[in-house]
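What follows is a pair of forms of the same protein chain, given separately as C-alpha coordinates and numbered structure 1 and structure 2.
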Structure 1
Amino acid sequence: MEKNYRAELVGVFGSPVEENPTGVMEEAAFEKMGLNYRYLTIRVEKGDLKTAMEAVRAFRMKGVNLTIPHKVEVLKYLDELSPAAEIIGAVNMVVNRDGKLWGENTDGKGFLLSLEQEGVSVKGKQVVILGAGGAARAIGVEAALAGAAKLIIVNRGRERGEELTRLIQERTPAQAEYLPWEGAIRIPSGTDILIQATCIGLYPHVEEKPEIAYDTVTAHMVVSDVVFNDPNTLFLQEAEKRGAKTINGLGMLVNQGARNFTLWTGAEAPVDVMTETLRREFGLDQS
(Lines of atoms letter the chains of each structure in order from A and count residues from 1; the text may use other names and numbers.)
(Lines give C-alpha, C1' and ligand atoms only; values in the text may rest on other atoms or scores of the structure.)
Protein backbone atom coordinates (compact mmCIF):
# COMPACT_ATOMS: atom_id res chain seq x y z
CA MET A 1 0.00 0.00 0.00
CA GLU A 2 1.37 3.39 -1.02
CA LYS A 3 1.93 5.92 1.68
CA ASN A 4 0.62 9.48 1.33
CA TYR A 5 2.86 12.01 3.01
CA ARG A 6 0.94 15.06 1.79
CA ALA A 7 -1.07 16.88 4.43
CA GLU A 8 -4.14 18.97 3.65
CA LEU A 9 -3.38 22.62 4.42
CA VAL A 10 -5.51 25.29 6.08
CA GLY A 11 -4.44 28.35 8.04
CA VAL A 12 -4.93 31.99 8.90
CA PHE A 13 -3.79 35.14 7.09
CA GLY A 14 -3.40 38.32 9.12
CA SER A 15 -1.12 40.99 10.54
CA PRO A 16 -0.43 40.89 13.39
CA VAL A 17 -1.04 37.17 13.68
CA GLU A 18 1.71 35.93 16.01
CA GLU A 19 -0.59 35.75 19.06
CA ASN A 20 -3.52 34.10 17.26
CA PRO A 21 -4.21 30.76 19.01
CA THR A 22 -6.62 29.32 16.43
CA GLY A 23 -4.01 26.92 15.05
CA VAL A 24 -3.44 25.28 18.42
CA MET A 25 -7.18 24.61 18.73
CA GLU A 26 -7.61 23.35 15.16
CA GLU A 27 -4.51 21.14 15.27
CA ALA A 28 -5.80 19.48 18.45
CA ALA A 29 -9.10 18.82 16.69
CA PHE A 30 -7.37 17.33 13.62
CA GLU A 31 -5.33 15.03 15.85
CA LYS A 32 -8.40 13.93 17.81
CA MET A 33 -10.25 13.06 14.59
CA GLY A 34 -7.22 11.38 12.98
CA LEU A 35 -7.12 13.83 10.07
CA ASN A 36 -3.86 14.59 8.24
CA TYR A 37 -4.39 18.36 8.20
CA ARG A 38 -1.99 21.17 9.13
CA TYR A 39 -3.00 24.67 10.24
CA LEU A 40 -0.49 27.37 9.26
CA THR A 41 -0.37 30.72 11.03
CA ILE A 42 0.86 33.07 8.30
CA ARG A 43 1.67 36.76 8.55
CA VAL A 44 0.26 38.48 5.46
CA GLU A 45 0.65 42.25 5.19
CA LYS A 46 -2.12 44.38 3.74
CA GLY A 47 -0.54 44.78 0.29
CA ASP A 48 0.18 41.06 -0.09
CA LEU A 49 -3.32 39.59 0.22
CA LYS A 50 -3.86 39.08 -3.52
CA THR A 51 -0.69 37.00 -3.76
CA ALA A 52 -1.64 35.06 -0.63
CA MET A 53 -5.09 34.19 -2.01
CA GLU A 54 -3.49 33.05 -5.28
CA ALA A 55 -1.31 30.76 -3.14
CA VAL A 56 -4.44 29.17 -1.63
CA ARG A 57 -5.28 27.90 -5.10
CA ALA A 58 -1.68 27.12 -6.08
CA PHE A 59 -1.05 25.09 -2.92
CA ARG A 60 -4.52 23.50 -3.13
CA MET A 61 -5.16 24.57 0.44
CA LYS A 62 -8.55 23.45 1.79
CA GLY A 63 -9.17 27.00 3.00
CA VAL A 64 -8.07 29.79 5.30
CA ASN A 65 -9.21 32.08 8.06
CA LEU A 66 -8.90 35.84 7.61
CA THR A 67 -8.22 38.20 10.47
CA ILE A 68 -7.14 41.85 10.80
CA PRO A 69 -6.78 43.60 8.34
CA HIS A 70 -8.13 41.31 5.59
CA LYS A 71 -11.79 40.50 6.34
CA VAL A 72 -13.22 43.05 3.88
CA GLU A 73 -10.34 43.27 1.40
CA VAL A 74 -10.54 39.52 0.71
CA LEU A 75 -13.99 39.85 -0.90
CA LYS A 76 -12.50 40.94 -4.23
CA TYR A 77 -10.53 37.68 -4.50
CA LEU A 78 -13.46 35.30 -3.89
CA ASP A 79 -15.74 33.53 -6.36
CA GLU A 80 -18.79 33.10 -4.11
CA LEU A 81 -20.16 34.27 -0.76
CA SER A 82 -22.65 32.80 1.68
CA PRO A 83 -25.87 34.86 2.02
CA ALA A 84 -24.81 36.08 5.49
CA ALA A 85 -21.33 37.06 4.34
CA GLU A 86 -22.84 38.95 1.43
CA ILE A 87 -24.99 41.05 3.80
CA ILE A 88 -22.20 41.51 6.35
CA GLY A 89 -19.67 42.51 3.71
CA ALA A 90 -16.84 40.77 5.55
CA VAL A 91 -15.44 37.24 5.54
CA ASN A 92 -13.45 35.43 8.22
CA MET A 93 -13.08 32.09 6.51
CA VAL A 94 -12.73 30.70 2.99
CA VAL A 95 -13.28 27.21 1.63
CA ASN A 96 -11.44 26.12 -1.53
CA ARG A 97 -13.91 24.08 -3.57
CA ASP A 98 -11.82 22.66 -6.43
CA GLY A 99 -10.25 26.03 -7.15
CA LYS A 100 -13.40 28.09 -6.48
CA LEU A 101 -13.03 30.19 -3.33
CA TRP A 102 -16.21 30.44 -1.24
CA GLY A 103 -16.39 32.93 1.61
CA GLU A 104 -18.35 32.67 4.85
CA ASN A 105 -18.50 34.67 8.06
CA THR A 106 -18.63 32.43 11.12
CA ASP A 107 -17.88 35.21 13.64
CA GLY A 108 -21.49 36.25 14.22
CA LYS A 109 -22.85 32.71 14.28
CA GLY A 110 -20.12 31.66 16.70
CA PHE A 111 -20.84 34.64 18.92
CA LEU A 112 -24.60 34.02 19.08
CA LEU A 113 -24.00 30.35 19.88
CA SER A 114 -21.69 31.38 22.74
CA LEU A 115 -24.56 33.45 24.16
CA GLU A 116 -27.03 30.60 23.74
CA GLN A 117 -24.68 28.25 25.59
CA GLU A 118 -24.90 30.67 28.53
CA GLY A 119 -28.70 30.76 28.35
CA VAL A 120 -28.86 34.17 26.65
CA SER A 121 -31.04 34.95 23.62
CA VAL A 122 -30.99 38.17 21.58
CA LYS A 123 -34.62 37.76 20.52
CA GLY A 124 -36.65 40.88 21.36
CA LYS A 125 -33.65 42.48 23.09
CA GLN A 126 -31.98 45.88 22.85
CA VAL A 127 -28.35 45.25 21.95
CA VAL A 128 -25.55 47.83 22.12
CA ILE A 129 -22.42 47.10 20.08
CA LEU A 130 -19.18 48.99 20.68
CA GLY A 131 -17.40 49.26 17.33
CA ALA A 132 -18.38 48.96 13.68
CA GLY A 133 -15.56 46.87 12.19
CA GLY A 134 -15.60 43.31 10.88
CA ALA A 135 -16.59 41.59 14.14
CA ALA A 136 -19.25 44.22 14.90
CA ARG A 137 -20.72 43.87 11.41
CA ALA A 138 -20.94 40.09 11.70
CA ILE A 139 -22.45 40.16 15.18
CA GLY A 140 -24.84 43.01 14.38
CA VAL A 141 -26.24 41.37 11.25
CA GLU A 142 -26.55 37.91 12.81
CA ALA A 143 -28.19 39.35 15.96
CA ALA A 144 -30.66 41.27 13.79
CA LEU A 145 -31.48 38.17 11.74
CA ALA A 146 -31.91 36.20 14.99
CA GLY A 147 -34.66 38.55 16.20
CA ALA A 148 -33.00 41.35 18.17
CA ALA A 149 -35.51 44.20 18.45
CA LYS A 150 -33.03 47.06 18.28
CA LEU A 151 -29.31 47.46 17.75
CA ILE A 152 -27.41 50.57 18.80
CA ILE A 153 -24.06 50.94 17.07
CA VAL A 154 -21.49 52.98 19.03
CA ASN A 155 -18.47 54.02 16.97
CA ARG A 156 -15.98 56.88 16.84
CA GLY A 157 -15.95 57.05 13.06
CA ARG A 158 -19.35 58.40 11.98
CA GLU A 159 -19.19 57.12 8.40
CA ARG A 160 -18.55 53.51 9.33
CA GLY A 161 -21.03 53.60 12.23
CA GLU A 162 -23.81 55.05 10.10
CA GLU A 163 -23.06 52.61 7.28
CA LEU A 164 -23.51 49.59 9.58
CA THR A 165 -26.68 51.13 11.01
CA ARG A 166 -28.14 51.56 7.50
CA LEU A 167 -27.13 48.03 6.57
CA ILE A 168 -29.07 46.58 9.52
CA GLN A 169 -32.08 48.84 8.87
CA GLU A 170 -32.27 47.98 5.17
CA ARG A 171 -31.30 44.29 5.10
CA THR A 172 -32.79 42.89 8.32
CA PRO A 173 -36.07 43.18 10.28
CA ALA A 174 -34.42 44.94 13.26
CA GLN A 175 -34.34 48.61 14.15
CA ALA A 176 -30.91 50.23 14.30
CA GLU A 177 -29.49 53.48 15.59
CA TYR A 178 -26.05 55.07 15.43
CA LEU A 179 -24.61 56.65 18.58
CA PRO A 180 -21.41 58.71 18.19
CA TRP A 181 -18.64 57.55 20.53
CA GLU A 182 -17.52 60.83 22.04
CA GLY A 183 -15.63 60.69 25.32
CA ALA A 184 -16.81 58.22 27.95
CA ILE A 185 -20.05 57.14 26.29
CA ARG A 186 -23.05 56.40 28.49
CA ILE A 187 -24.72 53.07 27.78
CA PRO A 188 -28.38 53.79 26.89
CA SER A 189 -31.01 52.83 29.44
CA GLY A 190 -33.00 49.77 28.44
CA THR A 191 -29.92 47.96 27.14
CA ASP A 192 -30.20 44.21 27.62
CA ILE A 193 -26.95 43.09 26.00
CA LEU A 194 -23.72 45.10 25.72
CA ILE A 195 -21.07 43.79 23.32
CA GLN A 196 -17.46 44.99 23.10
CA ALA A 197 -16.57 44.29 19.45
CA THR A 198 -13.35 46.29 19.05
CA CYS A 199 -9.77 45.01 19.49
CA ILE A 200 -9.32 47.07 22.70
CA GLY A 201 -7.80 44.81 25.35
CA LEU A 202 -6.32 42.34 22.88
CA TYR A 203 -2.84 41.08 23.78
CA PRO A 204 -0.38 42.72 24.29
CA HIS A 205 -2.60 45.70 25.26
CA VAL A 206 -4.33 43.86 28.09
CA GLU A 207 -4.22 46.96 30.32
CA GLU A 208 -6.61 48.84 28.01
CA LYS A 209 -10.39 49.03 28.22
CA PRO A 210 -13.04 50.87 26.18
CA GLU A 211 -13.82 54.44 27.21
CA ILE A 212 -17.38 54.20 28.50
CA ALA A 213 -19.17 55.44 31.61
CA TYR A 214 -18.98 52.20 33.58
CA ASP A 215 -21.50 53.45 36.12
CA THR A 216 -24.12 53.04 33.36
CA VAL A 217 -23.46 49.28 33.21
CA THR A 218 -26.09 47.60 35.39
CA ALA A 219 -26.76 44.18 36.89
CA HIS A 220 -29.65 43.81 34.45
CA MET A 221 -27.27 43.60 31.50
CA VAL A 222 -25.44 40.75 29.85
CA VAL A 223 -21.98 42.02 28.92
CA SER A 224 -19.76 40.24 26.41
CA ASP A 225 -16.35 40.84 24.88
CA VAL A 226 -15.07 39.43 21.59
CA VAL A 227 -11.45 39.70 22.79
CA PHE A 228 -10.12 36.23 23.61
CA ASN A 229 -6.45 36.87 24.32
CA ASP A 230 -6.55 37.63 27.31
CA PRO A 231 -10.19 36.46 27.82
CA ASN A 232 -10.43 38.06 31.30
CA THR A 233 -10.47 41.61 29.95
CA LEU A 234 -10.58 44.74 32.10
CA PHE A 235 -13.86 45.56 30.35
CA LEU A 236 -15.44 42.35 31.65
CA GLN A 237 -13.90 42.84 35.09
CA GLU A 238 -15.51 46.29 35.32
CA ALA A 239 -18.89 44.89 34.24
CA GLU A 240 -18.66 42.06 36.74
CA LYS A 241 -18.03 44.55 39.56
CA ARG A 242 -21.41 46.07 38.73
CA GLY A 243 -23.25 42.76 38.90
CA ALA A 244 -23.63 42.15 35.17
CA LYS A 245 -23.54 38.64 33.73
CA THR A 246 -20.32 38.46 31.70
CA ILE A 247 -19.37 36.23 28.75
CA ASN A 248 -15.79 36.21 27.46
CA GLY A 249 -14.54 35.70 23.90
CA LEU A 250 -13.45 32.07 24.23
CA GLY A 251 -16.87 30.64 23.37
CA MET A 252 -17.07 32.69 20.18
CA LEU A 253 -13.56 31.59 19.20
CA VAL A 254 -14.31 27.90 19.78
CA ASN A 255 -17.70 27.99 18.06
CA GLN A 256 -16.50 29.75 14.92
CA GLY A 257 -13.46 27.45 14.90
CA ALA A 258 -15.72 24.40 15.09
CA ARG A 259 -17.78 25.69 12.17
CA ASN A 260 -14.59 26.29 10.18
CA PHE A 261 -13.37 22.76 10.97
CA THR A 262 -16.57 21.21 9.63
CA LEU A 263 -16.64 23.33 6.47
CA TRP A 264 -13.03 22.39 5.67
CA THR A 265 -13.11 18.70 6.58
CA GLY A 266 -16.74 17.61 6.34
CA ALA A 267 -16.41 16.09 9.83
CA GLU A 268 -18.14 17.09 13.04
CA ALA A 269 -15.81 19.14 15.22
CA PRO A 270 -14.71 17.80 18.64
CA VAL A 271 -15.82 20.96 20.46
CA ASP A 272 -14.85 19.64 23.90
CA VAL A 273 -11.25 19.04 22.79
CA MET A 274 -11.07 22.48 21.18
CA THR A 275 -12.40 24.16 24.33
CA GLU A 276 -10.05 22.28 26.65
CA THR A 277 -7.08 23.08 24.41
CA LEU A 278 -7.78 26.81 24.50
CA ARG A 279 -8.36 26.82 28.25
CA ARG A 280 -4.98 25.17 28.75
CA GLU A 281 -3.39 27.61 26.33
CA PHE A 282 -4.69 30.55 28.37
CA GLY A 283 -3.85 28.98 31.73
CA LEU A 284 -7.49 28.71 32.80
CA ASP A 285 -8.75 26.05 35.19
CA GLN A 286 -10.47 23.03 33.76
CA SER A 287 -13.48 23.16 36.05
Structure 2
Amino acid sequence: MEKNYRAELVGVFGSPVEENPTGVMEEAAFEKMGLNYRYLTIRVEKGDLKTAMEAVRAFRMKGVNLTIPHKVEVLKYLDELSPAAEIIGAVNMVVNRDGKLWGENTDGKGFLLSLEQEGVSVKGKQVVILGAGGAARAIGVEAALAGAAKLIIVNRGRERGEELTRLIQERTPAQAEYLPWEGAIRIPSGTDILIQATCIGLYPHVEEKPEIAYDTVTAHMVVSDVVFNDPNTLFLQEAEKRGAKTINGLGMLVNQGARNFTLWTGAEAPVDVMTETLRREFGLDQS
Protein backbone atom coordinates (compact mmCIF):
# COMPACT_ATOMS: atom_id res chain seq x y z
CA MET A 1 0.00 0.00 0.00
CA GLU A 2 1.20 3.50 -0.81
CA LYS A 3 2.34 5.51 2.17
CA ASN A 4 0.43 8.67 3.11
CA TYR A 5 2.00 10.70 5.88
CA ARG A 6 -0.35 13.65 5.29
CA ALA A 7 -3.02 14.17 7.93
CA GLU A 8 -6.36 15.87 7.24
CA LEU A 9 -6.63 19.07 9.26
CA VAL A 10 -9.56 20.60 11.13
CA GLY A 11 -9.57 22.88 14.15
CA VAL A 12 -10.97 25.90 15.91
CA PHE A 13 -10.19 29.60 15.46
CA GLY A 14 -10.91 31.91 18.38
CA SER A 15 -9.55 34.13 21.09
CA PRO A 16 -9.38 33.07 23.80
CA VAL A 17 -9.32 29.38 22.87
CA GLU A 18 -7.00 28.03 25.54
CA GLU A 19 -9.86 26.47 27.53
CA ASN A 20 -11.92 25.25 24.57
CA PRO A 21 -12.44 21.49 25.13
CA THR A 22 -13.67 20.60 21.61
CA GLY A 23 -10.30 19.39 20.34
CA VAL A 24 -9.97 16.73 23.01
CA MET A 25 -13.41 15.37 22.13
CA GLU A 26 -12.84 15.41 18.35
CA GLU A 27 -9.35 13.87 18.60
CA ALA A 28 -10.72 11.01 20.72
CA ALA A 29 -13.36 10.43 18.05
CA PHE A 30 -10.78 10.41 15.20
CA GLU A 31 -8.66 7.93 17.10
CA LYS A 32 -11.62 5.67 17.83
CA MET A 33 -12.61 5.64 14.13
CA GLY A 34 -9.00 5.17 12.94
CA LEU A 35 -9.06 8.43 10.96
CA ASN A 36 -5.82 10.28 10.23
CA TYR A 37 -7.22 13.69 11.22
CA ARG A 38 -5.79 16.34 13.54
CA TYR A 39 -7.83 18.98 15.39
CA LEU A 40 -5.79 22.11 16.06
CA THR A 41 -6.82 24.65 18.69
CA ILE A 42 -5.57 27.89 17.16
CA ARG A 43 -5.59 31.37 18.65
CA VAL A 44 -6.72 33.81 15.97
CA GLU A 45 -7.18 37.47 16.90
CA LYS A 46 -9.98 39.61 15.48
CA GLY A 47 -7.91 41.32 12.77
CA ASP A 48 -6.36 38.05 11.57
CA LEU A 49 -9.49 36.15 10.56
CA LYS A 50 -9.21 36.91 6.82
CA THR A 51 -5.67 35.51 6.69
CA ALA A 52 -6.72 32.53 8.80
CA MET A 53 -9.58 31.70 6.42
CA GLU A 54 -7.20 31.98 3.46
CA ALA A 55 -5.00 29.48 5.29
CA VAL A 56 -7.96 27.05 5.48
CA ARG A 57 -7.92 27.00 1.68
CA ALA A 58 -4.11 27.04 1.33
CA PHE A 59 -3.65 24.16 3.79
CA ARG A 60 -6.62 22.32 2.28
CA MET A 61 -8.07 21.97 5.76
CA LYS A 62 -11.30 19.94 5.83
CA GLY A 63 -12.92 22.69 7.88
CA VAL A 64 -12.88 24.66 11.10
CA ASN A 65 -14.95 25.62 14.11
CA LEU A 66 -15.35 29.30 14.90
CA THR A 67 -15.72 30.66 18.38
CA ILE A 68 -15.59 34.06 20.08
CA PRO A 69 -15.09 36.63 18.44
CA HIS A 70 -15.41 35.21 14.90
CA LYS A 71 -18.85 33.61 14.54
CA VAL A 72 -20.44 36.57 12.72
CA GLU A 73 -17.35 38.12 11.11
CA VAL A 74 -16.51 34.85 9.30
CA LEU A 75 -19.61 35.17 7.08
CA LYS A 76 -17.63 37.63 4.89
CA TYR A 77 -15.16 34.92 3.93
CA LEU A 78 -17.60 32.10 3.09
CA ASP A 79 -18.99 31.00 -0.28
CA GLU A 80 -22.20 29.39 0.96
CA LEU A 81 -24.34 29.12 4.09
CA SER A 82 -26.87 26.56 5.33
CA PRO A 83 -30.41 28.01 5.37
CA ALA A 84 -30.48 28.08 9.20
CA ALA A 85 -27.03 29.71 9.47
CA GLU A 86 -28.23 32.36 7.03
CA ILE A 87 -31.18 33.20 9.29
CA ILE A 88 -29.15 33.00 12.52
CA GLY A 89 -26.48 35.21 10.96
CA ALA A 90 -23.66 33.31 12.67
CA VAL A 91 -21.61 30.23 11.94
CA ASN A 92 -19.83 27.92 14.36
CA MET A 93 -18.41 25.55 11.76
CA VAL A 94 -17.15 25.59 8.19
CA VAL A 95 -16.68 22.74 5.74
CA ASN A 96 -14.13 23.11 2.93
CA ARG A 97 -15.70 21.50 -0.13
CA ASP A 98 -12.92 21.48 -2.72
CA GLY A 99 -12.00 25.09 -2.02
CA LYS A 100 -15.58 26.31 -1.49
CA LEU A 101 -16.24 27.23 2.12
CA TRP A 102 -19.72 26.32 3.43
CA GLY A 103 -20.87 27.63 6.80
CA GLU A 104 -23.26 25.95 9.22
CA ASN A 105 -24.43 26.56 12.77
CA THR A 106 -24.63 23.31 14.72
CA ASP A 107 -25.29 24.83 18.18
CA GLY A 108 -29.08 24.96 17.91
CA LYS A 109 -29.36 21.61 16.14
CA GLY A 110 -27.12 20.04 18.80
CA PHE A 111 -29.34 21.51 21.49
CA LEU A 112 -32.59 20.23 19.92
CA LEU A 113 -31.05 16.77 19.57
CA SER A 114 -30.18 16.76 23.28
CA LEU A 115 -33.89 17.40 24.01
CA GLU A 116 -34.96 14.66 21.58
CA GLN A 117 -32.57 12.21 23.25
CA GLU A 118 -34.56 12.86 26.45
CA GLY A 119 -37.86 12.33 24.63
CA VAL A 120 -38.67 16.05 24.43
CA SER A 121 -39.95 17.72 21.24
CA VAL A 122 -40.42 21.46 20.74
CA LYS A 123 -43.32 20.96 18.28
CA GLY A 124 -46.32 23.08 19.26
CA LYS A 125 -44.66 24.14 22.54
CA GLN A 126 -44.28 27.49 24.31
CA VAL A 127 -40.56 27.98 24.86
CA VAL A 128 -38.95 30.61 27.09
CA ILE A 129 -35.30 31.46 26.41
CA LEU A 130 -33.21 33.40 28.93
CA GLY A 131 -30.61 35.31 26.88
CA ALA A 132 -30.33 36.61 23.32
CA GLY A 133 -26.63 36.08 22.55
CA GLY A 134 -25.10 33.62 20.08
CA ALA A 135 -26.33 30.44 21.78
CA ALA A 136 -29.83 31.84 22.34
CA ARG A 137 -30.07 32.98 18.70
CA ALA A 138 -29.10 29.55 17.37
CA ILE A 139 -31.49 27.75 19.74
CA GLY A 140 -34.35 30.21 19.18
CA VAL A 141 -34.19 30.05 15.39
CA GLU A 142 -33.79 26.24 15.26
CA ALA A 143 -36.63 25.70 17.77
CA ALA A 144 -38.86 28.00 15.69
CA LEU A 145 -37.93 26.19 12.45
CA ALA A 146 -38.55 22.84 14.18
CA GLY A 147 -42.17 23.77 14.94
CA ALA A 148 -42.24 25.50 18.34
CA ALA A 149 -45.50 27.46 18.55
CA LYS A 150 -44.21 30.43 20.52
CA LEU A 151 -40.82 31.71 21.66
CA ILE A 152 -40.58 34.16 24.55
CA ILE A 153 -37.20 35.88 24.66
CA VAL A 154 -36.08 37.21 28.04
CA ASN A 155 -32.94 39.34 27.87
CA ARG A 156 -31.27 41.96 30.03
CA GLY A 157 -30.34 44.17 27.09
CA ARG A 158 -33.51 45.30 25.29
CA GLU A 159 -31.91 45.83 21.88
CA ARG A 160 -30.54 42.28 21.52
CA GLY A 161 -33.74 40.79 22.98
CA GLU A 162 -35.98 42.67 20.57
CA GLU A 163 -33.71 41.89 17.63
CA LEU A 164 -33.92 38.13 18.19
CA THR A 165 -37.69 38.38 18.70
CA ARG A 166 -38.08 40.24 15.40
CA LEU A 167 -35.84 37.76 13.61
CA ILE A 168 -38.04 34.84 14.71
CA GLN A 169 -41.24 36.70 13.83
CA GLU A 170 -40.02 37.67 10.37
CA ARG A 171 -38.03 34.61 9.29
CA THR A 172 -39.80 31.62 10.86
CA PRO A 173 -43.40 30.40 11.21
CA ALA A 174 -43.33 30.71 15.04
CA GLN A 175 -44.76 33.51 17.17
CA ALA A 176 -42.28 35.46 19.27
CA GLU A 177 -42.46 37.93 22.11
CA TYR A 178 -39.83 39.93 24.02
CA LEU A 179 -40.06 40.04 27.80
CA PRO A 180 -37.78 42.62 29.46
CA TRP A 181 -35.65 41.09 32.22
CA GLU A 182 -36.47 43.33 35.17
CA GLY A 183 -35.86 41.87 38.62
CA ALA A 184 -36.92 38.30 39.38
CA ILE A 185 -39.09 37.77 36.30
CA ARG A 186 -42.02 35.36 36.44
CA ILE A 187 -41.99 32.53 33.90
CA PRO A 188 -45.23 33.04 31.89
CA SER A 189 -47.97 30.48 32.50
CA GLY A 190 -48.35 27.94 29.72
CA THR A 191 -44.59 27.58 29.34
CA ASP A 192 -43.54 24.03 28.41
CA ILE A 193 -39.78 24.45 27.98
CA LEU A 194 -37.50 26.90 29.80
CA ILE A 195 -33.94 27.34 28.50
CA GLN A 196 -31.09 29.14 30.30
CA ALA A 197 -28.89 30.40 27.43
CA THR A 198 -26.83 33.13 29.16
CA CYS A 199 -23.30 32.83 30.59
CA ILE A 200 -24.66 32.81 34.15
CA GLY A 201 -23.32 29.83 36.12
CA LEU A 202 -20.44 29.20 33.72
CA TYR A 203 -17.42 27.78 35.55
CA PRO A 204 -15.83 29.27 37.73
CA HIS A 205 -18.97 31.30 38.59
CA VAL A 206 -20.79 28.22 39.78
CA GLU A 207 -22.41 30.06 42.70
CA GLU A 208 -24.44 32.26 40.30
CA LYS A 209 -27.93 31.60 39.01
CA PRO A 210 -30.29 33.70 36.88
CA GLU A 211 -32.68 35.96 38.74
CA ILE A 212 -36.14 34.55 38.09
CA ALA A 213 -39.14 33.82 40.33
CA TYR A 214 -38.33 30.15 40.91
CA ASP A 215 -41.80 29.51 42.34
CA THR A 216 -43.12 30.03 38.78
CA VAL A 217 -41.13 27.00 37.58
CA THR A 218 -43.52 24.05 37.67
CA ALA A 219 -43.29 20.26 37.59
CA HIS A 220 -44.72 20.01 34.07
CA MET A 221 -41.88 22.09 32.58
CA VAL A 222 -38.74 20.82 30.90
CA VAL A 223 -35.86 23.02 32.07
CA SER A 224 -32.52 23.12 30.29
CA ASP A 225 -29.22 24.93 30.77
CA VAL A 226 -26.61 25.46 28.02
CA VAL A 227 -23.76 25.76 30.53
CA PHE A 228 -21.71 22.58 30.15
CA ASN A 229 -18.58 22.87 32.24
CA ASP A 230 -20.58 22.50 35.44
CA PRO A 231 -23.50 20.40 34.25
CA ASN A 232 -25.24 20.50 37.63
CA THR A 233 -25.83 24.26 37.70
CA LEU A 234 -27.67 25.97 40.56
CA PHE A 235 -30.35 26.88 37.99
CA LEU A 236 -30.99 23.21 37.22
CA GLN A 237 -30.88 22.32 40.92
CA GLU A 238 -33.61 24.90 41.61
CA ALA A 239 -35.73 23.54 38.75
CA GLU A 240 -35.29 19.99 39.97
CA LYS A 241 -36.50 21.01 43.44
CA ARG A 242 -39.77 22.14 41.76
CA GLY A 243 -40.12 18.73 40.11
CA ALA A 244 -39.22 19.85 36.58
CA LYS A 245 -37.43 17.52 34.16
CA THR A 246 -33.92 18.91 33.71
CA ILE A 247 -31.44 18.63 30.81
CA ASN A 248 -27.86 19.94 31.09
CA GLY A 249 -25.60 21.47 28.43
CA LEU A 250 -23.26 18.50 27.93
CA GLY A 251 -25.55 16.86 25.38
CA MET A 252 -25.63 20.03 23.29
CA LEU A 253 -21.84 20.22 23.28
CA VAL A 254 -21.41 16.56 22.31
CA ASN A 255 -24.15 16.66 19.66
CA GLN A 256 -22.80 19.74 17.91
CA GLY A 257 -19.34 18.15 17.98
CA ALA A 258 -20.75 14.92 16.56
CA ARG A 259 -22.43 16.82 13.70
CA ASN A 260 -19.16 18.62 12.95
CA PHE A 261 -17.32 15.28 12.92
CA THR A 262 -19.75 13.80 10.39
CA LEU A 263 -19.76 16.90 8.16
CA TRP A 264 -15.94 16.87 8.02
CA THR A 265 -15.29 13.13 7.72
CA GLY A 266 -18.48 11.66 6.27
CA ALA A 267 -18.33 9.02 9.04
CA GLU A 268 -20.78 8.42 11.86
CA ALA A 269 -19.53 9.99 15.11
CA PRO A 270 -18.71 7.75 18.10
CA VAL A 271 -20.94 9.73 20.45
CA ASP A 272 -20.24 7.53 23.51
CA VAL A 273 -16.48 8.08 23.24
CA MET A 274 -17.01 11.82 22.80
CA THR A 275 -19.27 12.00 25.87
CA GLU A 276 -16.90 9.95 28.03
CA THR A 277 -13.93 12.07 26.96
CA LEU A 278 -15.69 15.30 27.92
CA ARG A 279 -16.90 13.93 31.24
CA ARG A 280 -13.34 12.91 32.04
CA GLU A 281 -12.09 16.31 30.95
CA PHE A 282 -14.56 18.08 33.23
CA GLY A 283 -13.72 15.74 36.13
CA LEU A 284 -17.22 14.23 36.22
CA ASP A 285 -18.01 10.67 37.28
CA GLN A 286 -18.71 8.07 34.63
CA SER A 287 -22.23 7.29 35.87
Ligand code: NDP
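Each residue is numbered by where it sits in the sequence of structure 1, with counting from 1. This structure is a prediction, so every number in the text was calculated from the model and none was measured. Under this definition, the rigid core comprises the largest set of C-alpha atoms superposing within 1.5 Å between the forms.
Peer 1: Just to confirm, one of these is the form predicted alone and one is not; which one is it?
Peer 2: Of the two forms shown, it is structure 1 that corresponds to the form predicted alone, while structure 2 does not.
Peer 1: State in degrees the rotation separating the positions of the smaller rigid part between structures 1 and 2, with the larger part superposed on its C-alpha atoms.
Peer 2: When the larger parts are aligned, the smaller part is off by a rotation of 13 degrees.
Peer 1: Could you tell me the distance the CA of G99 travels between structures 1 and 2 after a rigid core superposition, in angstrom?
Peer 2: Between its two positions, the C-alpha of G99 lies 4.3 Å apart after core fitting.
Peer 1: Superpose the two forms on the rigid core and tell me the Cα shift of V10 between structures 1 and 2 in angstrom.
Peer 2: So the C-alpha of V10 has moved 2.5 Å between structures 1 and 2.
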